[in-house]
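In structure tokens, one chain follows: the form predicted on its own.
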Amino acid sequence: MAAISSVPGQLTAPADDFTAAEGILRRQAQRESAARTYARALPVVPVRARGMTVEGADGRRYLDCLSGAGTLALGHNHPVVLEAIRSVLDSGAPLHVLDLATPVKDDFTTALFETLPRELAEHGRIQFCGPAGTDAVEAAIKLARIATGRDGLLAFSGAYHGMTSAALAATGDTAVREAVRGPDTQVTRLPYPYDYRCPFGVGGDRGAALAARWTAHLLDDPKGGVQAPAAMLLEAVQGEGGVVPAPDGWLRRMRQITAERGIPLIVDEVQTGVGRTGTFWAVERSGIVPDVMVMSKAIGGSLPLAVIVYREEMDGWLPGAHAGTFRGNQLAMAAGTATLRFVRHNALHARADSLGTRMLRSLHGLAARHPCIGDVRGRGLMIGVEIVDTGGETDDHGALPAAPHLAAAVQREALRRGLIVELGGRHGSVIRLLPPLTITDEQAEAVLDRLAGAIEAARAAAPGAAA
């Protein structure tokens, strides 16, 4: 049995456990590609997990606020998910069916449509894509191009939509695109409302209004240089962009702008969906109904699954126009059905809203004590804490420069205290909290306590960087 260490939330394991874990990590570094990401900042070798708790091969236990980048709506190995998977395995049903109809697939589609905005549920079509969210983004863009006969795409600063061709082109991070030689053709980049770092230097409703006005003006300017757009692609809350929620009024304005100009609106709900932001789908808060919704991550109940749902009048596919060998993942559909129904029947989206509000309130109090926290924001249990350099100069809107090195130090200190968090946002300076929707009040308090301790320790270790 591992002993408790002097660091809260962490265990001290026997020496042989540490040796085994170190060997696995060493072999990973030797064998896996240089493209690996999470493994670099989080040297953990998970061997067991339940709910929000992950146990490493070295015996240490962690509270997981990464949740598979938002995939684990119910946390690790939730009983209803495991039972759903076992039921398929025990039934003798085929596990690989391409796009053939099955009872498992029919049940999943029914469960998904029960959660959708009414207009899409009543007049929608579903396309099962490859297993990742980026595959669904590709399908959505392709569908819009077929439906409109146009090629251009409207996307936003700070966006992240995946790593395949068209999805990567829509991503706002130029460093990511350049590193993988990603395309950047026929994409018009638009300003996304970002209150703390407002591109217009004013923030708030005024900044969002200016962003919307710029978008409308650019689309109507015959010399604006905009390729005729097949679609507008956006996130209601930017995830990798630093947990930046779009104002509801701005989202309604984007819906109006696109509808008036015959431009399909695609909303990427890959990370925001299934209760994460306090409503079942993030678009529900603003009341908009997009033409296409992109869904993945949590809809598979921890297993690979991605779909798009779109208005029936856009269904101009020819047979085989978009396919994928593993689009018939029966285990993922069963796990996804169980997850969708559990979240809906237990109102976990409402729980995410109330608990997330309380966590944000506590984090604002933490920010008042630590000037290196420039901003706290989020929706539901999708929360961002932006770390800044208090020794730098503020911009026109009063924002301090990002402090990526300090943010990385906070992440390391959090891991030492048994807390797994992700970094994102501009310059990787935003600490992202994506706990499972099943997080308890006690676990939420532990997350906040460990994060506070990590920030204090990181500041103490580098007082000159961002005191």
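Note that the coordinates shown come from a computational prediction; the quantities given were computed from them, not determined experimentally. When you see a residue number, it is the position in the sequence shown, counting from 1.
Another form exists, predicted together with a small molecule; not displayed. Remarks below refer to it.
Partner contact region in the predicted bound form: 127-135, out of 144-152, 205-213, 127-135, 311-319, criterion any non-hydrogen atom within 4.5 Å of the small molecule.
Taking the partner from elsewhere, Gly158 is found to have every heavy atom lying beyond 4.5 Å of the small molecule in the predicted bound form. Although the partner is absent from this view, Lys297 contacts the small molecule in the predicted bound form, with a non-hydrogen atom inside 4.5 angstroms. The small molecule in the predicted bound form is approached by Val270, whose closest heavy atom lies within 4.5 angstroms of it. By the criterion of a heavy atom within 4.5 Å, Asp291 is excluded from the residues contacting the small molecule in the predicted bound form.
A single residue from the set Gly356, Gly242, Gly162, Gly75 has any heavy atom within 4.5 angstroms of the small molecule in the predicted bound form; that residue is Gly162.
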